[in-house]
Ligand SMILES: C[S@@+](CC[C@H](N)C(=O)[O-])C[C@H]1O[C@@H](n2cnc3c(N)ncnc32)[C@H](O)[C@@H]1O
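The data below hold one chain only, encoded as structure tokens and taken in the form predicted on its own.
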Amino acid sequence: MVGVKETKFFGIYKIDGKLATINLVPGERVYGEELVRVKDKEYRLWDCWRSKPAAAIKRGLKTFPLTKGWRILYLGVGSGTTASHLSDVIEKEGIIYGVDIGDRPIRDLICVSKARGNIVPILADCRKIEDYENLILEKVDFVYCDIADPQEVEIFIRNCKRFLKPGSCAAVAIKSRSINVIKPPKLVYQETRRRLEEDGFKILDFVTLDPYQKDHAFIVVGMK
């Protein structure tokens, strides 16, 4: 008998120790993930080696405040591996505005979005808010940033200040080698935390992602 356990996070479960979300589109896979049927629900196993939020949860993350119906701005959305699981969590009432600069990932994401109905693919450069701000018609409940750019923290801050509801939370996956290939990752994380605090953000949680993602960290912040 397959055992399903709730985690402390809304819409995220454990099946035999592996993270999972309830499939918004039963029978459909997004990246070859395993589907598990338990009673009247179908779960998608969430691969910690391919998704940074899943890796962060496995590494002991305590704060990941998503819920049904939320609006999410996802910077660096890619082809939909992680976005599809967030899509499961927020259900059909929610919306993910997924921004990515890559033509190919956005083409793949369009296919995913057609089946799911709660993902809006946006082909744009996250550094140029003016190119996509008219496509996001509301303040969002959560911003998630996962981009390989030396200015990742600044891009994250600007987007939060433009789109995030006051008092809401956001998260950023820090790629230390993309920010500075020479500095030790620990120093990059310290500087990133200090930069966020100087801009008025409160650090709510922090975990490193080794061994799932080498030289990466995951930071959850609150916005005043």
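Sequential numbering from 1, following the sequence displayed. Quantities reported herein were computed from a predicted structural model and do not represent experimental measurements.
Below, we refer to the form predicted together with this ligand, which is not included among the displayed structures.
When contacts are judged by a 4.5 Å heavy atom cut-off, Tyr74 counts as touching this ligand in the predicted bound form. The closest heavy atom approach of Lys52 to this ligand in the predicted bound form falls within 4.5 Å. Interface residue remark: Thr81 is counted as part of the site for this ligand in the predicted bound form, having a heavy atom within 4.5 Å. Interface membership of Ala115, defined by any non-hydrogen atom within 4.5 Å of this ligand in the predicted bound form, is ruled out. Proximity to this ligand in the predicted bound form, taken as a non-hydrogen atom within 4.5 angstroms, holds for one residue of Glu91, Asp125, Glu133, Glu154, which is Asp125. Ile101 is the sole member of Ile101, Cys111, Val120, Ile129 with a non-hydrogen atom within 4.5 Å of this ligand in the predicted bound form.
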